[in-house]
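Only one chain is given next, in structure tokens, and it is the form predicted alone.
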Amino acid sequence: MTVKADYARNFVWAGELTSSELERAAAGIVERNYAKGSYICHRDDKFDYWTGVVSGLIKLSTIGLTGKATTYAGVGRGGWFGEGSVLKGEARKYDIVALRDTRLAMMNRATFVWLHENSIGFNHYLLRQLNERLGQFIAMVEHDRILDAKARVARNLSWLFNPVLYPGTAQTIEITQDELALLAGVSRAVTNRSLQELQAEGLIVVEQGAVSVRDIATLTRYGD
């Protein structure tokens, strides 16, 4: 096995592939670094890479004509995103922004399409990924319409612990209140107050630049 293939074995989808498929996948991956606050891709740009977060944190978001910002998802270490756009070969419908210094693994479209057309294991992984992503987006529409600010903070935090989408997240996630506020679409002051209340309820422990979760099940349903 090549050095690149051995490196790629650490990715969440690698366990679904045969040795030869993994070699092919690894050959189509490059890594790039992005500084905090930089745009990885702008809305309506073509970005022909299926992308994984090796380290750091990014958000997928848009800004409407009225100036209102909408965040679709935050992706932390171990998460992969963009499979829909790569499958369809279309421009991105959202901005991709690095919320902190971030290192990405980027699989080119030709490699991704080859795996999609030839690897049963890879397609099994994609099906689980897309199904989980759909559930998250449905929940996002719901919480944006009916949940208060604290429940939105709780739900957005819980999504970062989704074991299918973000397998690199352990019990404690490194995230600042500013970063969580951007993901939840609320102010930093509201985020701070919400986190303190959630901590008082015994659901989380707020640390310097991090949050430890004590009851992920309740956070996931918070506000119901």
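Start at 1 with the first residue shown and count on from there. Keep in mind the model is a prediction, meaning the values are calculated, not measured.
The discussion below concerns the form predicted in complex with the DNA, not included here.
Does the DNA come within 4.5 Å of any heavy atom of A170 in the model of the complex?
Answer no; every heavy atom of A170 is more than 4.5 Å from the DNA in the model of the complex.
Is G209 part of the interface with the DNA in the model of the complex - any heavy atom within 4.5 Å?
Yes - in the model of the complex, heavy atoms of G209 and the DNA come within 4.5 Å of each other.
In the model of the complex, does T176 have a heavy atom within 4.5 Å of the DNA?
Taking the distances in the model of the complex, the answer for T176 is yes, it comes within 4.5 Å of the DNA.
Does Q196 make contact with the DNA in the model of the complex, using a 4.5 Å heavy atom cut-off?
Q196: contacts the DNA in the model of the complex.
Can you say which of 53 to 61, 158 to 166, 182 to 190, 26 to 34 gets within 4.5 Å of the DNA in the model of the complex, counting heavy atoms only?
This holds for exactly one stretch, 182 to 190.
Heavy atom within 4.5 Å of the DNA in the model of the complex: which residues of 30 to 56 qualify?
Nothing in this stretch is in contact.
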